[in-house]
Each structure stands twice: as C-alpha cells, then as structure tokens.
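Just the one chain here, the form predicted alone, laid out as structure tokens.
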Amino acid sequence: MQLEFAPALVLRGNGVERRLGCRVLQSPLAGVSDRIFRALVRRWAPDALLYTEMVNATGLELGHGRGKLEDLATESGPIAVQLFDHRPAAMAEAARRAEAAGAFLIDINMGCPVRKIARKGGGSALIRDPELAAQIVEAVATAVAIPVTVKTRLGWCGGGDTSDDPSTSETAARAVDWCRQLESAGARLLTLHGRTREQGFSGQADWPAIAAVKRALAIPVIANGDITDPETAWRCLAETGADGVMVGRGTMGAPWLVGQIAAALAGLPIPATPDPRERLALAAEQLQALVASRGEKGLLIARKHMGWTCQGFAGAPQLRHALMRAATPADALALLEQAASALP
C-alpha cells in the first residue's frame, strides 16, 4: 500500500535548505554504521538519509574521532553526522567541523541510554536538563548553516500513566513538553524513539506517545522503535502520523532492510532478501573491506557483522561459532567459502 506524502521533507537551516525525498532513515549505530556499512545500505537505499556513528565533541577536541568525518563529501547520498556532548560551545565547534567535512545535516544525540554516555551528561542525560539541552540546540543551530535535528526519547523514566487513552498518558504529556522545548530551541526535525531512557530497548515502543508529539509539533517527526519490516513501518506511520520512520537494530546483518521498507512505502517492488549464498558473499565482502580499512582490528569488528549476517540456513549456528574463533582474516574467509560450497 502506498502512503500519501509530499514529494520531499524540506528542512531549512541557517541559510542552507535540505530536502529528504526518502521517508526511511538508517539509525546511527555505535560500532556499526561506519563508512563500510553505510556503503552496503546504500546499495538498496540510494536516497535514504544515513548517519555516522555518534561523534564525541570532546573527542574531536582531543584529536579523536576524526576518522568518522573523513571523506563524507565523497559518499553517495545524504549522510548526517550525529554529535553528543554536554557543553554547548564544544558541540558548536564540533558541528562546524562536521559541516566542513561535508555533513548533510547535524543531528544531536539526546537519547542514548548507555550509562557511560549519560553519566558524563550527554545522550539521554540531557532529558533531565531541558534548559541545557535547549542551549546546546541553539548553539549548534547558530554555528552552522545546515539544518540541525535531534534524536531523543519520550523521557527519562516511565510510570504514572493512568489515562485510558494512551495518547494522553502522563508519558505522552511529558514527551510533548520535552519535544516542544527542542523545537523552540531550533531543531528542524525530531526523531523520537518510543521508549524512555529507563526502558532502554526493552518492552514495546509507545507509538501513541509519538502520535501525541507529532500532533503538537510543527516540525517533521520521525518515528523510531520496533520497526523491523515493511509491515511494521506501515503500521507505525498509520498509528503515529509521523513524517517517516527510522530503522535501527533491525538493520544489523540486514543492510537491505532500509531499501525494502522505502520501496514498500513508495508502492514500488520490494527488493528480495538475499539468499544464503548471497549473505555469505556479503559477509566476505564486508570482512575484506574492514580488514583493508582497519588492519588486524578489522577482523574483530567483522565478527559481529558476520554473526548477524550468517543466519537462516543449515549449519549457520556452527559457522557463526567457528567465525568467532577464526584467528586470521584468511581463516574466516575460508570458513565462509566452505559454507557457501556446502549449500545445495
């Protein structure tokens, strides 16, 4: 079924306008959404907005994390840079660097539930300090010409919901207040994960609360949480009225998912899910690219990707077990080739 959307979402920054024609976004994923992963996603989703891994503004000051910004301008399609920190000035300077590197837009992470991020005042910790959060958005929006967006959650913790209508629950009301402050501070688009920080990734995403935020805001709202295939994407959009969806953990080992959902929402033929032989070839290609880019560390990074990708065929559990123990890239490639030759 095709959804009725305007031809593009138009985001206006401080002098620069960005247009998003694809309503399916690939979530920034720490340790996952590097340049090599993005290139794979791009095969199936040529127009989707993809994101870098989170970039620490403090790290950039100290000379770390610059590799995440390298060659952004040479990648095909729009690439956003997601930043996190608790200091407005540092975030503004990091945004300038990201813009100079070729970022399509700047996204501010105000939703990461990881303790080591929140403990330092970044990510979801900013939900508890809305005044500081607004200062950060204002500082970044003033520092760059491209649009500034925010990815966040419904709140810090849940509970206290007594309404029979979930869209008017206490959680939804708090989320509306929180997101209105971000909009007023200068956010041009909001991606909202339908869980609180306390929930992490457990329980069911609260789509009615996202719907309440969408109704309250004038800027575009992207729904995030529990979107795993075209069917759940369609239901989420129908229930929330959101302007698009962001797909996160479901793409780990499945870089084709964003493209499949985008095609389904546009009423186009849905690309086929790769068969086992194609998955093994994809795992081998990603392994070789990571080793070429990261040296010996590339094998360590590739292990998780191979574990996610090598699914759904006879012998897959045994293969994953062996891949996690492969001592060299050559050993891992040999295992993948043996698995492919054993397929019917």
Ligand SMILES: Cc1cc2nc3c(=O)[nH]c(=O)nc-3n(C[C@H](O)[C@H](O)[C@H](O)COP(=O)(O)O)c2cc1C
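We number the residues from 1 along the sequence you see. Just so we're clear, the structure is a prediction, and the values are computed from it rather than from any experiment.
Unshown form predicted together with the named molecule; subsequent notes refer to it.
With a 4.5 Å cutoff on heavy atoms, L290 does not count as touching the named molecule in the predicted bound form; it lies far away. The shortest heavy atom separation between L29 and the named molecule in the predicted bound form is within 4.5 Å. Shown alone here, M306 lies farther than 4.5 Å from the named molecule in the predicted bound form, counting heavy atoms only. The named molecule in the predicted bound form is not approached by R96, whose heavy atoms all lie more than 4.5 angstroms from it. Among Q82, T171, T149, T240, the residue placing a heavy atom within 4.5 Å of the named molecule in the predicted bound form is Q82.
M54 is the sole member of C310, A45, A57, M54 with a non-hydrogen atom lying within 4.5 angstroms of the named molecule in the predicted bound form. Stretch-level contact analysis of 98-106, 225-233, 138-146, 177-185 against the named molecule in the predicted bound form, using heavy atoms and a 4.5 Å limit, identifies 225-233. Residues of 233-272 that come within 4.5 Å of the named molecule in the predicted bound form, judged by any heavy atom, are M246, V247, G248, R249, M252 in sequence order.
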